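Here we start with a single chain on its own, the form predicted on its own, put down as structure tokens.
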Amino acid sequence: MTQILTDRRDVDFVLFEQMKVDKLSKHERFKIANKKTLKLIISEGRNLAINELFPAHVAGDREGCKFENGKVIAPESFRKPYKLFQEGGWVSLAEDIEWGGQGMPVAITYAANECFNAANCTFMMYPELTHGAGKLIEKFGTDKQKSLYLKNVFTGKWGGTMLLTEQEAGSDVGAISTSAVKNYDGTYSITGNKIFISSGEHDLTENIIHAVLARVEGAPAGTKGISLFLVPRIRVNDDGTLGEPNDVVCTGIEDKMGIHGNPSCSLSLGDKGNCKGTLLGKENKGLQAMFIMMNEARLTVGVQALGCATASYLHALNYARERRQGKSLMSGKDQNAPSIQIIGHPDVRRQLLTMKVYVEGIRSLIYYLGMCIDQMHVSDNEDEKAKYQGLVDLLTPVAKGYVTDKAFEVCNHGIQVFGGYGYIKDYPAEQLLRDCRITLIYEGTNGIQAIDFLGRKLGMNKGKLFYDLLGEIKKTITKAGQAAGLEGLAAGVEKAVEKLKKTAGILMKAAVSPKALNAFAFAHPFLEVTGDVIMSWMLLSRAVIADDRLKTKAGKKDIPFYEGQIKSVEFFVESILPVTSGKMDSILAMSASIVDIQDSSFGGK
């Protein structure tokens, strides 16, 4: 099979035709980010992904991580790729050059990371968590903390993690019991146990900087009493050299369904009474600070899922073009009819087109969010900045929750296209499905994303964020409605938008009424239908551009690509949005059965 990790033509289309990311180079912050440079970055990242990360994907899965005497040994196959990844400056592509970054737009980072995740999403968990820890230090760290840690973290010389989860707390972060006692020298003694810590212990870097949530002695109960601390695995001296180990001990790693090349660790802090950390930010403000990293991590998980879906789709597409089996349905009873490539079978085409529209729609959404972040960095208008921030805040649960749901669905279709071969380890489809499955769970389960979306995000600023989003969608609908041949598709998307608006209004009112439990029982379906409408928007936006190119300046080799964009939105509007409308009807009916059923009525005894 030919190795293809991402659709370069489509990546360039989204970056330079749909998002016009190269126009950011007009601003001082991104003056070096011209189109030629950005394309070169994507090409170099793609080469690294194909030549180094992808060959380590299967090997890392089979080899896994080893746990020996409190130490975790990462897959041998990851060592060379990590060294090259770190030396190439890929850990912090969008960060300040002063701290070891490359100063590139976030949208380009997402495009590069899509390719890296398509090649080896398990490997990418190491640098992505490291980058997230660096962002916390950058935003909340003192000058001394930045001086000691930031460059080493942003360059990937040191690893980074976040330590939230505890056995009794789980997703209820306010219930954590890890404690912190202030010492005479301003440090804190940390005591507690954390579980499910990705990259919590490994030997790819000489040090790991943990961002730890803990409760200072005497702090208020619940989330209001949580503080954030920097706890290095090995203490760092004032001159930046490494000191003694810091009483952070890995007590075991999990045996998991997927992501075998990255350790999910149980960590004991202060078991010998000698774990020291420094406060990051202010006491009792740790959860607010950690959400900076969490929100970035949720977008990162969306990129991870997109990478899995991208790879699964392209592997399936390539296989369908090469695999010959069965005769055309149009050959009738002709026994001499030749076998055809399975891409010629209608049901396989249905699955491939389903995969295509979700991958393309998700790619546009993820890059769009990257551009929103970039626009916040270059805009001089405070209202405009607030608008972009609002769109990012509102769409983060969609980019984590909806995107991972649909990416897993794409990976599931990928196995089906391969048939029996998809279920065995000779082909990459089964590993992509296993690795992708965790994205629906960590960084806040998709049920939590849905609750956040309905219970908090929709009502922010009296609904302004949601109405700003609808306003952006309507701009695209107006453009499409003015393009001959797209009017019907524009009308289909507009109908879905109006129904979503109605559904949102009714659900929001129910969420603050005696029917609140009923409303939140439909939070996840509501997140799904919202995501579907956003997909239709992104695909319609693509079609508007493609239609213009076909009518003006499309080269011969580009015509099939642009025609494919129009077919994508046509399929989505005609085949998927009607199902979305039915789901909205179900939400509006708000059946009480979910809430009313007695626990004992579930059976199982």
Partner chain sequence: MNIIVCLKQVPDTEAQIKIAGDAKSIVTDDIKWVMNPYDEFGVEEALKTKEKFGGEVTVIGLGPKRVTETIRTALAMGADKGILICDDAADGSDSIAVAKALAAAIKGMEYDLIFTGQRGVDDDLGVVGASVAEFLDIPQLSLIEDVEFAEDGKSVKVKRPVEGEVLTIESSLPVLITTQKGLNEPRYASLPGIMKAKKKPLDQKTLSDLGLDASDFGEGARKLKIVELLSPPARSAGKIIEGESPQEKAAELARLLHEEAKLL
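Residue numbers count along the first chain shown, from 1. Keep in mind the model is a prediction, meaning the values are calculated, not measured.
The protein also exists as the form predicted in complex with the partner chain; that form is not presented, and the subsequent description refers to it.
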*asked:* By the heavy atom within 4.5 Å rule, which residue out of 551, 62, 31, 66 makes contact with the partner chain in the model of the complex?
replied: 31
*Though the partner chain is not shown, can you say which of 141, 258, 89, 252 has a heavy atom within 4.5 Å of it in the model of the complex?*
89
*asked:* When the contact criterion is heavy atoms within 4.5 Å, does residue 44 count as touching the partner chain in the model of the complex?
replied: yes
*asked:* Please determine whether residue 48 contacts the partner chain in the model of the complex, using a 4.5 Å cut-off between heavy atoms.
replied: yes
*For residue 52, is any heavy atom within 4.5 Å of the partner chain in the model of the complex, or not?*
yes
*Applying a 4.5 Å heavy atom distance criterion, does residue 26 contact the partner chain in the model of the complex?*
no
_For the interface check, one of 34 to 42, 66 to 74, 535 to 543, 569 to 577 should have non-hydrogen atoms within 4.5 Å of the partner chain in the model of the complex; which one?_
34 to 42
*Even though the chain is shown alone, can you say which residues of 74 to 109 have a heavy atom within 4.5 Å of the partner chain in the model of the complex?*
80, 84, 87, 88, 89, 90, 93, 102, 104
